[in-house]
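Take a look at this single chain in structure tokens; it is the form predicted alone.
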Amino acid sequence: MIPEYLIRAVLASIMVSVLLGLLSPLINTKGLAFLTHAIFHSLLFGAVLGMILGLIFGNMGLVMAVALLVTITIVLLIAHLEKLGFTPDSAVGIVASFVAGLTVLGFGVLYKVMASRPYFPLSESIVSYLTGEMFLITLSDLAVLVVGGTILFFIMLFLYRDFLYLSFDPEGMESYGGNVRAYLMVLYVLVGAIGALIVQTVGLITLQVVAVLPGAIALMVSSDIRKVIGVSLFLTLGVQLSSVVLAYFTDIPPSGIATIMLGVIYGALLFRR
């Protein structure tokens, strides 16, 4: 009989694969890899801040909400700096440096709060934001992932064609009356929201890889956008499910297996070139 935790892990992997499989081509075609890394790092700061507030107010359910709020705030800050005339890389670099410092400071405050309000599972929760906890996902966590993921999926699907126009021909989009800045803002927020939703499932380290490499690999395989999206979805789903199955039989964390598999595929394609 298949263990229930394995079924939950498989279902979570499918949801994660659909979201990241669709998002990854957009990140690559629009050149948002650097921004994506900065946004995902802000998730860690948001999670640490959420843990501090959760301990103080006795509600650990604040972690995801605070992580999402902090991430969206940072996205808006980056967009505002770009509006002021900073280049995208400069805006991301400035904000990312402050986020890194705040994260280190946040960990220091968190340890002090933990000493006064012991909450032992919190140590595992911190690690899960880095490495993921695919096999430890609860039924309630899975429900949040599926419901939230479905909402984000339909939003992304509804705007996907506009995002593609934004990636390939922003000037043409403006000439037809499209608000490029508004669409770009929505895309930034979607990246942050998807990251906040799934980061504890796959881990921050794996999230940064799976959000970028499937789309990069797909673009190396084909230049047809439909095929690129299809390859990205198929590859993400295949890697995620394979990593869960291999992890079940080998006791190796699935996040590590997924990262290595994508790295090997990407490296092999580079070597063939």
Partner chain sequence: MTAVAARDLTILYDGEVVLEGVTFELEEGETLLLLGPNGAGKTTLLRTIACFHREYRGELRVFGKPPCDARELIGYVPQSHSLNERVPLTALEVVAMGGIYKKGFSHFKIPREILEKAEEVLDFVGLAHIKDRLFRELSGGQKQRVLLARALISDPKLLLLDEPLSALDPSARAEVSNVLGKIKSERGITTVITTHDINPLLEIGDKVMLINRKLIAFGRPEEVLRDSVIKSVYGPLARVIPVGDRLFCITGDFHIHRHGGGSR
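What we label the rigid core is the largest C-alpha set whose atoms superpose within 1.5 Å from one form to the other. Numbering follows the first chain given and starts at 1. Every value quoted in this text rests on a predicted model; they were computed, and no experiment measured them.
Only in words, not in the display: the form predicted in complex with its partner chain, which the text now covers.
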| property | result |
| --- | --- |
| Segment that reaches its partner chain in the predicted bound form - one of 205 to 213, 66 to 74, 49 to 57, 221 to 229, heavy atoms within 4.5 Å | 221 to 229 |
| Residue (of F135, F98, F107, Y183) lying close to its partner chain in the predicted bound form, criterion heavy atoms within 4.5 Å | Y183 |
| Contact of F86 with its partner chain in the predicted bound form (heavy atom, 4.5 Å) | no |
| Touches its partner chain in the predicted bound form: E82 (any heavy atom, 4.5 Å) | no |
| Exercise: G93 in contact with its partner chain in the predicted bound form, heavy atom 4.5 Å | no |
| Exercise: T36 in contact with its partner chain in the predicted bound form, heavy atom 4.5 Å | no |
| Those residues of 144 to 164 which, in the predicted bound form, come within 4.5 Å of its partner chain by heavy atom | L157, F158, L159, R161, D162, L164 |
| G101 C-alpha relocation of at least 2 Å between this form and the one not shown, rigid core basis | no |
| Did D169 shift 2 Å or more between this form and the one not shown, C-alpha, core superposed | yes |
